[in-house]
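Shown next as structure tokens: one chain only, the form predicted on its own.
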């Protein structure tokens, strides 16, 4: 398949605001994102008014907007880092790039500023190759190609639906790892992008991600809520859960997922030791979650992302619902999310 030409007007930058002062964050990103439309969603639990510098084309959504769509009782659905999903829901663009508000532009190993947005767009605009692994990684990167022995029948690739970026400084470790290795920081910059093979699962991090909203938007949702979930990445699992759903859906629909470049610089926030008490539930749940998603197979009648999410929700309820109530609640939330997605897509909320 040929490379797509993604226009700036087809991209939304979605930012979940967990802190009120976004001035330093947006000013550091200004050279990279100022030409794009921004969607900023304020954490509904954040009471202070947002401090946003001038010079950006943006829409800001607050708790009142969330209440208008889902009702006041449903705002907890979008609390904390989950507020960014409200931006995914309301975007009218084909592509979304989402970066957490504790991440900043960084430099490559040569000292050049990394344009994370441009790299995500490159990852999404070039085909993915999930059915046969290329040992030179992404054959569409500059200076690379398919290696000897790679079948020509597979070289056209498939649509790349997700681009999962990485992090320098504070990598996305879980709380036990970061607590045990408190001084561990990631300084390794690996200049590579690769397609995640079909049927291989991965922990998709929502910290630095881009995706084709038209293809897989409904698969990214805030469904798995831990009992002690907090306001730090160590204390959440919602992106890991939805990421596994998204990967299963991509495999079923013949779409690709890429991982690697671009990197962002992730700053320190919170204490891993304190967060360990809240995330431990999620760490244990992963021992049930991974084998489940490895076994999931979707029916051929599921031809859209929405269909796939509903089918996965049914299987979650049947197989995992009896293991832990958190899974039954996640299944219900997935079904409700699809209903909400369809309602918004139908234009039922013209004022938003």
Partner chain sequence: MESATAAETAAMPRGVPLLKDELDIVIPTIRNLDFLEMWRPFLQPYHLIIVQDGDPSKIIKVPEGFDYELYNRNDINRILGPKASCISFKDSACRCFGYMVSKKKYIFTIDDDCFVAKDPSGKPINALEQHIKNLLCPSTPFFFNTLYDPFADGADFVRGYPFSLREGVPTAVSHGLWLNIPDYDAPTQLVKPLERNTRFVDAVLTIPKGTLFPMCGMNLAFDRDLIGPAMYFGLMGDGQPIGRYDDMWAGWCTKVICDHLGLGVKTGLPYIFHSKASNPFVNLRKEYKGIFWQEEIIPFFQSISLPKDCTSVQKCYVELSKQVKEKLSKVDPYFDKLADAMVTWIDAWDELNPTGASAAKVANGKAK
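The structure displayed is predicted, hence computed values, not measured ones. Residue numbers count along the first chain shown, from 1.
Although not depicted, the form predicted in complex with its partner chain is the subject of the following passage.
Novice: In the model of the complex, does residue 174 come within 4.5 Å of its partner chain, counting heavy atoms only?
Specialist: Yes, residue 174 lies within 4.5 Å of its partner chain in the model of the complex.
Novice: Within 4.5 Å, heavy atoms only: does residue 283 come near its partner chain in the model of the complex?
Specialist: Yes.
Novice: With a cut-off of 4.5 Å between heavy atoms, is residue 287 one of the residues that contacts its partner chain in the model of the complex?
Specialist: It does: once its partner chain is placed as it appears in the model of the complex, residue 287 has a heavy atom within 4.5 Å of it.
Novice: Taking any heavy atom pair closer than or equal to 4.5 Å as contact, tell me whether residue 202 reaches its partner chain in the model of the complex.
Specialist: Residue-level check for residue 202: yes, a contact with its partner chain.
Novice: Counting heavy atoms only and using a 4.5 Å cut-off, do 167, 188 and 192 all touch its partner chain in the model of the complex?
Specialist: All three within 4.5 Å in the model of the complex.
Novice: Among 213 to 221, 126 to 134, 88 to 96, 68 to 76, which stretch has residues with heavy atoms no more than 4.5 Å from its partner chain in the model of the complex?
Specialist: Result for this chain: 126 to 134.
Novice: Just one of 113, 184, 273, 118 has a heavy atom within 4.5 angstroms of its partner chain in the model of the complex, so which one?
Specialist: That would be 184.
Novice: Of 242, 236, 122, 82, which one comes within 4.5 Å of its partner chain in the model of the complex, counting heavy atoms only?
Specialist: By the 4.5 Å heavy-atom cutoff, the listed residue in contact is 236.
Novice: Across 125 to 153, which residues bring a heavy atom to within 4.5 Å of its partner chain in the model of the complex?
Specialist: Sequence-ordered list: 131, 132, 133, 135, 136, 137, 141, 142, 143, 144, 145, 146, 147, 148, 149, 150, 151, 152, 153.
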